[in-house]
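One chain follows as structure tokens, the form predicted alone.
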Amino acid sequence: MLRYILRRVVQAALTVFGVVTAVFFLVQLSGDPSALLLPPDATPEDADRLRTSLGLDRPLPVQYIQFLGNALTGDFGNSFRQRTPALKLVLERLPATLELAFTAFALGLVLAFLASLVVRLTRSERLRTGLLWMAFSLQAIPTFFFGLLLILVFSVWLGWLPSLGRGTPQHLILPALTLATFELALYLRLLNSAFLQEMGQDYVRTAKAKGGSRVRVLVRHVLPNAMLPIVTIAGINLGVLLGGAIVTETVFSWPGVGRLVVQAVSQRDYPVVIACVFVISLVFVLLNLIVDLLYAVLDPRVRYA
């Protein structure tokens, strides 16, 4: 197990290094940041002085080598706009993104589990069909459009919930519900397939033959086996939520990392963009490592040499 963990840590480090390197060179293609940082009446000499002060006048390989040396110490440079360390800005926004992502993840997963268990316990084919149709319909609605619909109904028409910002639990409801709706649809489909596959296995018939009740067989025997594919998708999807809530954070003006990335890209704030990608990729690979280790807990047949 220790050898496996060390190997995965090395792979994670190489993955993060590759992602950050790719982003470093890609952001250089977005244009000269001095065009956005200087006033319209700035002279070419002003632009040259700004590029020199930001270190953008040096050859790209030299910039990259210096960037790697600083990044190893956790220094991704200062924000071009705010003149503060880029990594500090990202870490200040990270709790908001974690709050939104984990809330939406837990809400969607719990609701999907409860709905799937009710379907299996009631054996209602109409209920199963209705839930699956709802899942297909919800997945077909773009996230930004669904978020705007929630704002229109619950904030504008009913006035029950705030539509923008972060500060109270009420501010979390609409953005979390927007993301959780897509999560619910995804997990409903996965759980439906997993339950159908497991219910036909020999161990289920054996458990029933021993006199086990339907609830006991479903919860104690079927559910742990049905969770294995869900854990894989859930771990990956949680990482996607952390890095992919950009649209939702923008729609609801949620002060998270996703919104910070949008602002940094539009302002060509290279250090902030790279720091955001570094944090998101690091969290993503760590979540995947945790998911792999959970396999050994959920399935005793899995062993890591």
Partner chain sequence: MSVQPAPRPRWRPPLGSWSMLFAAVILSLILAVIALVPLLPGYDPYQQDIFNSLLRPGSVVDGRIHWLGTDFLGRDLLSRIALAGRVTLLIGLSAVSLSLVVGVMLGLIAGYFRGPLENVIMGLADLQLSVPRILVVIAVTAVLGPNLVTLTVLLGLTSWVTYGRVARAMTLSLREREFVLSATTQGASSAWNIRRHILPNVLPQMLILGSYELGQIIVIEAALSYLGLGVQPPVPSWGRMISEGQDFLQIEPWLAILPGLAIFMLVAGTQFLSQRFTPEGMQDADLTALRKRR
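Residue numbers count along the first chain shown, from 1. All values derive from a computational prediction rather than experimental measurement.
What comes next is about the form predicted together with the partner chain, which does not appear here.
Residue stretch of 171-179, 129-137, 90-98, 74-82 approaching the partner chain in the predicted complex, non-hydrogen atom distance within 4.5 Å: The contacting stretch is 129-137.
Can you work out whether L26 and the partner chain are in contact in the predicted complex, taking contact to mean some heavy atom pair no more than 4.5 Å apart? L26: contacts the partner chain in the predicted complex.
Check I151 for me: does it contact the partner chain in the predicted complex (non-hydrogen atoms, 4.5 angstroms)? Although the partner chain is absent here, I151 would touch it in the predicted complex, with heavy atoms inside 4.5 Å.
Taking any heavy atom pair closer than or equal to 4.5 Å as contact, tell me whether L50 reaches the partner chain in the predicted complex. Judged by the heavy-atom cut-off of 4.5 Å, L50 is well away from the partner chain in the predicted complex.
Although the partner isn't part of this model, could you tell me whether F144 comes within 4.5 Å of the partner chain in the predicted complex, counting any heavy atom of the residue? So F144 counts as contacting the partner chain.
Give, in sequence order, every residue of 253-285 that has a heavy atom within 4.5 Å of the partner chain in the predicted complex, or say none if there are no such residues. If the 4.5 Å heavy-atom criterion is applied to the partner chain in the predicted complex, 253-285 yields V261, V262, V265, R268, Y270, V273, V277, I280, S281, F284, V285.
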